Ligand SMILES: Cc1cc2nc3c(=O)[nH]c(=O)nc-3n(C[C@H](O)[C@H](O)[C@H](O)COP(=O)(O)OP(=O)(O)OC[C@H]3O[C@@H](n4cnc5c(N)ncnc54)[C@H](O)[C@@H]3O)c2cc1C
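As a starting point, one isolated chain is supplied in structure tokens, in the form predicted on its own.
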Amino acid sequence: MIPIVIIGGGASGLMLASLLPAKNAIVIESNSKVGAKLLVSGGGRCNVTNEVLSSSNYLGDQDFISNVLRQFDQNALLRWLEARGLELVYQKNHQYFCPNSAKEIVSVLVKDSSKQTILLNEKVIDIKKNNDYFEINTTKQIIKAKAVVVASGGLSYPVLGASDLGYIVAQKMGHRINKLAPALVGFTLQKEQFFMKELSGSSVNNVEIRVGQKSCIGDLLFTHKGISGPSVLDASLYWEKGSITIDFLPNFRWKSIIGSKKNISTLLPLPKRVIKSLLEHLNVPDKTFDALTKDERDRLFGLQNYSLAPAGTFGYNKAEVTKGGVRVDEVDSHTMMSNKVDGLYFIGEVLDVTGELGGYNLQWAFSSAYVCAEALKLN
């Protein structure tokens, strides 16, 4: 009988396999290679983690998240990678990337996890719990194991083999699943904002998007489908339905253009193509600020408080992650084991924990894998 079966050869599954004693686990991966999603993340360079890390960077139960991150934080991860010859590069927004490409971190994980058995092109069809062991039925065989770790990820990037397997397994074992939705993804637009599609290819630096009590700051990109860019992707994490508010001019002071003889489109720190389109949409003439009527000025001030209700998102094909998942009140944050089924563990994206942009989701994958590994070593 195999001690441990790990379902999924992504970031969390490979990290777990790397941390466990040799010949202690089987990793079952449905793709022809492991780490497929890792290879395309961060534009192919893989944003691994972030210097600034706390539970506030995540959507989910804050206590649960804090308990896990505390046991293996960004500094522990950096030390672990450095010990294996991979020194990450520090970039803007406190982010850490691979020096050259995502292949570097995948190579580290593949090398360290090779001490386990890796099964490729093999899918899990069903799992049963029989007294003190699990029976895992795959497309090729039946495997018996003392423990099963679900590290199968979410629904994002179906082209890379993403599936709902983890949620199906969880539900079969009595777990509840919180509502699933694409996250870190662009927004589609209502008819009123269709003019933004005509700005496709243009971008605005450092806008602020407010979703409820959450503020998301970063660039905004106009696309043929709607709006995207870092600020929008982060906003999608917290958006359910209804309106968001965009400040196209954070920290801009209107007093700075009083008395100027130049037209507004020249004075505002926005791309000329963008500001002209926004002025037309707001029905504000492009003339000097002093020449505007009170009503025109009020509409112009709307650039710092522009409300729109997204029609939806670009969907799972474009989403970097899936929010929602296995309820964490049914999982032990000190072991990652199910509170319902002994020997059943959940790590990574399959759980209802989702991070913002900036390396937070990979950090979660590695942190949860570490906690799980420490618990399995004791059993």
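Don't overthink the numbering: it's just position in the shown sequence, from 1. Here the structure is a predicted model, which means the values were calculated and not measured.
Separately, the form predicted together with the named molecule exists; it is not shown, and the next lines address it.
Novice: Check whether Lys115 has any heavy atom within 4.5 Å of a heavy atom of the named molecule in the predicted complex, and answer yes or no.
Specialist: Flag for Lys115 set to no.
Novice: Residue-level question: is Val124 within 4.5 Å of the named molecule in the predicted complex, judged on heavy atoms?
Specialist: Answer yes; at least one heavy atom of Val124 falls within 4.5 Å of the named molecule in the predicted complex.
Novice: Although the partner isn't part of this model, could you tell me whether Ser163 comes within 4.5 Å of the named molecule in the predicted complex, counting any heavy atom of the residue?
Specialist: Within the cut-off, so yes.
Novice: Verify the contact flag for Val321: yes if a non-hydrogen atom of it lies within 4.5 Å of a non-hydrogen atom of the named molecule in the predicted complex, no if not.
Specialist: Val321 belongs to the contact set for the named molecule.
Novice: Using a 4.5 Å cut on heavy atoms, which of Asn57, Asn339, Thr335, Asn31 is close to the named molecule in the predicted complex?
Specialist: Of Asn57, Asn339, Thr335, Asn31, the residue with a heavy atom within 4.5 Å of the named molecule in the predicted complex is Asn31.
Novice: Heavy atoms, 4.5 Å, the named molecule in the predicted complex: which of 64-72, 347-355, 307-315, 323-331 makes the cut? Say which one.
Specialist: Among the candidates, contact is made by 347-355.
Novice: Which residues in 290-310 have a heavy atom within 4.5 Å of the named molecule in the predicted complex?
Specialist: The stretch does not touch the partner at all.
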